[in-house]
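Read the single chain below, which is given as structure tokens and is the form predicted alone.
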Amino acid sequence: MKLGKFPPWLALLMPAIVLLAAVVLVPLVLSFYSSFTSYKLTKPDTLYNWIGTFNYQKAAGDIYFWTAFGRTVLLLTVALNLEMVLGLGLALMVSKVTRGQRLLRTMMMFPMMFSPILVGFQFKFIFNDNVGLVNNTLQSLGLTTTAIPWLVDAHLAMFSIISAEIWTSTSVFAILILAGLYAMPQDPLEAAKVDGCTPLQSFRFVTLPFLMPFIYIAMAIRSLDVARAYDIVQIMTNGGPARRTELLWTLIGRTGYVDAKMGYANAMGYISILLAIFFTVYFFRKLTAARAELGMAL
């Protein structure tokens, strides 16, 4: 086909297609190809050393990979549920405010405006052993006499990371749930009140089912974020102590850029994508079911 015979719509889309191919498609194909090679950053010629599915088989038997995988699932499960509960409570409280509600909605969005790197530095300082805000507060109140090693102890380090994730992303749930509260019709609530339902019963059987589609949308968005969590963990603990807070993408980054095993790192990356796909499909199925149930109720 000659250039002059291109359809007008294709000519208009061609710059965007070329840009997407250069930025997305080419790196995607190259990384997928390299996952079947022994490519090392220190040895560029190894990009052409085809080894088949060896990297995937190695990842399937790598205890560090599956430990990081399980730790990522744990972080995702705990963070999402706590963010949902806190976001729901925050949205319900803000919806009851009669004056200054616009200011409160704006303040709710502040945490999600910070970059993950900045949040990591903030919470690294907050949980610092010597000058951290948490230890200084606890010692000033007389609750502890010695500094607590928040970022050194394995269990406390994971708690610190979860705290940072919850602080920065609870507002995602709060804003979406608040939008659901604004969109909710008042007739079902008034009917429940006339039927003698208590406020708790009205929330459980009327308000919550209406909000579930909004909650599942927030969970789908946040599951993708948490499944590829990297910045906060890298800044706060660098996967330590002794890899006790190593997540999937910090392990992949260490393998690819520190150990220079880029082919193996890309193979682990493509396996990790299955986690994001699984949770996305799961939450969208729950979203579809919640919408269908809500449609039948209305």
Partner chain sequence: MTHIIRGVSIAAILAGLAVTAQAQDFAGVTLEAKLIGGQQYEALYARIAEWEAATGAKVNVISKKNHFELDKEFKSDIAAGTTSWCVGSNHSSFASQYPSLYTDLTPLIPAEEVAAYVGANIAAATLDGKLVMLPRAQFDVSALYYQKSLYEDADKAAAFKAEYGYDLAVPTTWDQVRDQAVFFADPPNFYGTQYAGKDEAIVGRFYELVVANGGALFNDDFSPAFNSDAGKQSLQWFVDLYAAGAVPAGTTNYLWDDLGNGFASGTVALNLDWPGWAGFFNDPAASKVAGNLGVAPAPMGSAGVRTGWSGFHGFSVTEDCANKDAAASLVLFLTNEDSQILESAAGPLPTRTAVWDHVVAEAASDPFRSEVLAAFQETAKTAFAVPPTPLWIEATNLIYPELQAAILGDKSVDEALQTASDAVDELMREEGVY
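Just so you know, these numbers come straight off a predicted model, no measurement behind them. Positions refer to the first chain, counted from 1.
One more form of this protein exists, namely the form predicted together with its partner chain; it is left out here, but the text below deals with it.
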Check your understanding: Just one of 30, 273, 60, 41 has a heavy atom within 4.5 Å of its partner chain in the model of the complex. Which one?
Key -> 41
Check your understanding: Going by a heavy atom distance of 4.5 Å, is residue 220 a contact of its partner chain in the model of the complex?
Key -> no
Review point. So, in the model of the complex, is residue 56 in contact with its partner chain at a 4.5 angstroms heavy atom limit?
Key: no
Practice item. Considering only heavy atoms, tell me if residue 129 and its partner chain come within 4.5 Å of each other in the model of the complex. Key: yes
Exercise for review: Although its partner chain is absent from this view, report whether residue 145 comes within 4.5 Å of it in the model of the complex, heavy atoms only.
Suggested key: yes
**Study point:** in the model of the complex, segment of 22-30, 238-246, 265-273, 66-74 with a heavy atom within 4.5 Å of its partner chain
**Key:** 238-246
Check your understanding: Which of the residues spanning 135-169 lie within 4.5 Å of its partner chain in the model of the complex, based on heavy atoms?
Key -> 139, 145, 146, 147, 149, 151, 152
